[in-house]
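Only one chain comes next, encoded as structure tokens, the form predicted alone.
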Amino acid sequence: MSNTYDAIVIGGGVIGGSIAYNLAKRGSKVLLLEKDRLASKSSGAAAGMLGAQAEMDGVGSLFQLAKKSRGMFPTLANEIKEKTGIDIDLINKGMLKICLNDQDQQENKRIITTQRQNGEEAEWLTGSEIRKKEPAVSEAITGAMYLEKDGHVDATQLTLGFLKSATVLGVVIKEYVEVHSFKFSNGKVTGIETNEGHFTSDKIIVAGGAWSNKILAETGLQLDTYPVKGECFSVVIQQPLLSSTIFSHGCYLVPKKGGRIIVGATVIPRTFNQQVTVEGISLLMEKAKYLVPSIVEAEWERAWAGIRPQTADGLPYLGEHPIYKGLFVATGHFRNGILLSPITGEVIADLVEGKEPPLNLSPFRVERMVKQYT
């Protein structure tokens, strides 16, 4: 088999999978490399929330990116199901961004006003209206912003759906292949060296999540990113406890199929340690009990942690390397990687093909904010 490809994607998570899938849909011969197992890092640890409105305080460039990406999920879910039989479990039953005090209320009402002025649907609910909709929530919840369009998916199924759809279209995927170095000629990337040998391509995309900086180190570019550990746990309850996702500062509860509820997530910056701690899970348990007291009756399932890539300004890096042509970067999505995966795959495929993306990507350019650039 030839080791020459139209494009090579480094990273077997949801972002790398989406990029490989989008490139393959356009007829490119693509190789995707993952240094561990596919979907084994933050993509497999995510709760799968599509919080385009819940996660964004304003309506700036990240919100516009998130909103467009959220709108792509219904079509994407059908595409993946048709190609692979994988159901990404897209559920659109809304999200409640809840308030526990007057300050929360003022902030959420401000966001509602801003979003409505920009054509978005956002509704204010009083505490009693919330409990009429979600009887299990605590009396401590004084109000909430109800976001009907913010849903969720199964993060692992979405990631595997992208990857399997990519293979159906001819993408070659290799696990346990680590990139050792890049090859360059006349300011352009020409290939990579790995533990499985050399692969040739003049279009290479780094989508390695929190590990992207390590991959890019030899290129003289150190992105202003850092890892953030997020611990989660899940429980199962026989009778449905929630229909909407409950979103608050420091804790969310995402109801899944089969009575499963995912509770997350701690925020522990600047560590690659994926161990689950008693402290982290205990903190989440207390918060979850405070928001939904009857969750104490649920059966314990499991706990886990993921490492998410955050950036200093909170915006992902999406674009071409400022020195080397043909080398592209897609990282720094923090806890919105699942939400932003469809649009990221599309815009990176556009850049690789030399096309103008459907959105202004200048706020996300790679050279905007780096620690080191030589």
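In this text, residue numbers run from 1 along the sequence as written. Please read all numbers here as calculations on a predicted model, not as lab measurements.
We do not show the form predicted in complex with a small molecule, though everything after this point is about it.
Against the small molecule in the predicted bound form, the set 204, 227 and 351 makes no contact: no member has a heavy atom within 4.5 Å.
This chain is drawn without the small molecule; in the predicted bound form, the residue among 31, 65, 318, 339 with a heavy atom within 4.5 Å of it is 339. Residues of just one listed stretch (23-31, 57-65, 301-309, 320-328) have heavy atoms within 4.5 Å of the small molecule in the predicted bound form: 301-309. Among heavy atoms of residue 161, none comes within 4.5 Å of the small molecule in the predicted bound form. Although the partner is absent here, residue 313 sits far enough away that none of its heavy atoms falls within 4.5 Å of the small molecule in the predicted bound form. The closest heavy atom approach of residue 335 to the small molecule in the predicted bound form falls within 4.5 Å. The closest heavy atom approach of residue 70 to the small molecule in the predicted bound form falls outside 4.5 Å.
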